[in-house]
Ligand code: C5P
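Take a look at this one chain, the form predicted on its own, written out in structure tokens.
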Amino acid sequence: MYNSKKVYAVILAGGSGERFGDNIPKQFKKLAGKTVMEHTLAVFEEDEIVDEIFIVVHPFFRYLVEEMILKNSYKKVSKLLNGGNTRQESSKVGIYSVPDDNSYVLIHDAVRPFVTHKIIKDIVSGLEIYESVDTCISSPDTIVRRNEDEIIEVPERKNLLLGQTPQGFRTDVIKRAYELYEREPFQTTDDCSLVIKYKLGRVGIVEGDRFNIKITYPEDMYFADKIFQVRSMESDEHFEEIEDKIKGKVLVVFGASRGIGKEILRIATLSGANAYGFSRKTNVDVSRPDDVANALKKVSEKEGKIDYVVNTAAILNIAPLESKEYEDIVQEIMTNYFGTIVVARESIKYLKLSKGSLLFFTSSSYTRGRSLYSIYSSTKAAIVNLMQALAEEFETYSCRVNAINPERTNTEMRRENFGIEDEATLLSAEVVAKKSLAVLTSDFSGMVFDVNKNSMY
């Protein structure tokens, strides 16, 4: 630690979920296999600068945080405090609980899970100079002042910033600020404003992060999901790290005779995994439960475990619905959707022993059905829904379930349906395979990972 003073983090988790419009506050909603709050706490728990963490929670949801603490065995969480009716009351509870006035305290919203170690480091460095430090980013939009229904001023944007958290303080300064606030309260939404109001010192600025969003409304969960995807792509940029993770693991791929499945099998084998591939060419049809069960059983008996299971098997028949035969429709549904269910059901008995990972494949057509793709699109949408549900079910066994959504990929199935295309406009199966292995070896669960031309390895 480069700083001599003790650093306390006060995590404000007292929200009741009114603006989120749900009975369960947003800090307890699942995102990428964990609750929003667990992601937030993980950053502070792992940060080498932070010494202790105090959590301030709404009394009604205290039991959820107690379960969270036990489940994750946090070493730095030392206090769990009941909060007040307002943010200021909750902040005050946390600040007054800090025993050492000659220390630093960071106040952070539990619903900002994307705070970075760099922001924490910059705040603590700033507190060596300033009495308090705010985290801010520039505003991409014009900000106006109004008087009821009329705009009365359009301030120059370069002097206006958007505030985030954490906000950092010298503990004696922020305690004094709240003593004065109790005598002379005013309407405010953050803690730095108290230091400014009562003239207790300077407020420095550190640069925040555009990804450090506050999850407030239901649609914010969608943005948060995409941020996790972007960050995972950045962190998994070097495939050598994935090779180390997969070496010695047992991987089973269904749909492995060609395309993405074949490439996953090849790369995993070269990376030192014990990889097994099955397909209709090896007389394993995913729509037949006995075929899948026997394939998995053989691998398990030989290797003693199964760590990862991937299903890439799919059929694409492009035609208007009225021209399709029922037999073809049933076959497409049975392979694409029922086959995915079969793979999941037969795999769980092995994956729950290894705390392993299951990976499905969807398509960009899952977000909106396309003409001529009606059956294929609808099965791919069903797979996403299935994956999200199973991610919650399988969490009981510490297993992960995710889905890959690849951009147009240069595979045999695509060439059979579209003929000759400019290969420069298509993803290579290798890129998709490497991303798939990165997701398999990650801690994420319940997510759809988009793979496009910007996915680089």
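Bear in mind the structure is a predicted one, so any value in this text is a computation, not a measurement. All residue numbers are counted from 1 along the displayed sequence.
One more form of this protein, predicted in complex with this ligand, exists but is not displayed; see below.
Contacting member of 440, 433, 9, 13, with respect to this ligand in the predicted complex [4.5 Å, heavy atom] = Contact with this ligand in the predicted complex is made by 13 alone.
key: Heavy atom within 4.5 Å of this ligand in the predicted complex - residue from 352, 280, 258, 214   = Selected residue: 214.
inquiry  = Is it the case that residue 175, even though its partner is missing from this view, gets within 4.5 Å of this ligand in the predicted complex, heavy atoms only?
reply    = The answer is no: residue 175 has no heavy atom within 4.5 Å of this ligand.
key: Contact flag, residue 84 vs this ligand in the predicted complex, heavy atom cut 4.5 Å   = Residue 84: yes, in contact with this ligand in the predicted complex.
inquiry  = Please determine whether residue 109 contacts this ligand in the predicted complex, using a 4.5 Å cut-off between heavy atoms.
reply    = Yes - in the predicted complex, heavy atoms of residue 109 and this ligand come within 4.5 Å of each other.
ask   = Is residue 287 close enough to touch this ligand in the predicted complex, meaning at least one heavy atom pair within 4.5 Å?
value = Outside the cut-off, so no.
Segment assignment from 267 to 275, 366 to 374, 109 to 117, 292 to 300: heavy atom within 4.5 Å of this ligand in the predicted complex = Answer to the contact question: 109 to 117.
key: Members of 23 to 48 lying within 4.5 angstroms of this ligand, judged by heavy atom, in the predicted complex   = In sequence order, 26, 27 come within 4.5 Å of the partner.
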